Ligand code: NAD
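First comes one chain, alone, set out as structure tokens in the form predicted on its own.
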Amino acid sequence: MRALVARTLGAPLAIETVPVPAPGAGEILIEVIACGICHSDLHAVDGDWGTPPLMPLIPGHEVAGRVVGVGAGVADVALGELVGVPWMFWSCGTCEWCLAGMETICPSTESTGFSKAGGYAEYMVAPAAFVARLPESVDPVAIAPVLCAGVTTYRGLKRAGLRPGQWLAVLGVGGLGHLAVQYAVAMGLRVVALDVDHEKLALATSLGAEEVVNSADTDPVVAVRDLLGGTHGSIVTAAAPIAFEQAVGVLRPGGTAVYIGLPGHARDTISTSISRLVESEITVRGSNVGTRLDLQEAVDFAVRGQVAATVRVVGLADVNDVFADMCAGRIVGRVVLAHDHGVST
């Protein structure tokens, strides 16, 4: 099979011919139809997070495909079924975090396209117990971004704890942010979107954001406070450290900021006012991808037509150029790698 492989951190990916993997006990073999391209893939192959990934690495963790093989003990996933593979490849299921419904922070968790081979390949294996079940009605290319960008923003919104009718600030209207706007609207929230790109803000408006602020033209904290008196919640899907500081600044007293976006390891700190956090009882929460329940719920929104990624399709040979576009902030919506299985080997 063909796959995009990273053999050296920070170097371009190369198309290679590698063996088709075999599913072990409890695993399924998936013919990959589509795989979303996430900024986390770029962080992984550049070694930005301090902890190095599995090397050589096949990235990709927004995978939609069809089951073409099953390992021993697999009983509830059938050959031919359409499934999705998220970032959370596996968790132990027995630690205190898994038992508390927080399997995303299991100390033993494995990550698709980071510690395990991912979907920048024509085939991959995954544990049957951790894949999303996809109805035949969905377009695999369209659903792929929901398997990471979708579930990640959806869980972040759940962790914000907002009620319908309350205001949410979405900071960054990129691959994650444009889905965050849609999930928020579907959950009954009112949205103000913040970005530095007029085209992305126009997309946010078309997706239901009632207010937009261009952070390159004005101080977004002042603008949001003038418009709304602050928001009840904020969610950061951007990677720029300043956005995390602004997410606290735009909140009204008692508000909650949820951090999702991940800057590189070298830019992983921010500054904020301790006295404001205390005096206004501001909450700052991290949110790490999503559980299996979050995943299925996030997919269900998309299946019902309430959430849809804005998608551009590319092939294996285009992914390095997509990474360059990511670095330059040129991507609107999400880019999806679609495999041509007519030329499989």
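Everything quoted here is computed from the prediction, not taken from an experiment. Throughout, we count residues from 1 along the sequence that is shown.
One more form of this protein should be noted, the form predicted together with nicotinamide-adenine-dinucleotide, which is absent from this view; the next part is about it.
Contact annotation: nicotinamide-adenine-dinucleotide lies within 4.5 Å of heavy atoms from the stretch 239 to 247 in the predicted bound form, the single such stretch among 239 to 247, 106 to 114, 125 to 133, 73 to 81. Contact check for F301: no non-hydrogen atom falls within 4.5 Å of nicotinamide-adenine-dinucleotide in the predicted bound form. Using a 4.5 angstroms threshold between heavy atoms, T152 counts as touching nicotinamide-adenine-dinucleotide in the predicted bound form.
Although the partner is absent here, G255 is not a contact residue: none of its heavy atoms lies within 4.5 angstroms of nicotinamide-adenine-dinucleotide in the predicted bound form. Interface residue remark: R292 is not counted as part of the site for nicotinamide-adenine-dinucleotide in the predicted bound form, having no heavy atom within 4.5 Å. Proximity to nicotinamide-adenine-dinucleotide in the predicted bound form, defined as a heavy atom within 4.5 Å, singles out one entry of V221, C98, L262, V141, which is L262. Taking V85, A209, L194, A184 one by one, only a single residue has any non-hydrogen atom within 4.5 Å of nicotinamide-adenine-dinucleotide in the predicted bound form, and it is L194.
Interface residues of 31 to 56, taken as those with a heavy atom within 4.5 Å of nicotinamide-adenine-dinucleotide in the predicted bound form (partner not displayed): C38, H39, S40, H43, W49, in sequence order.
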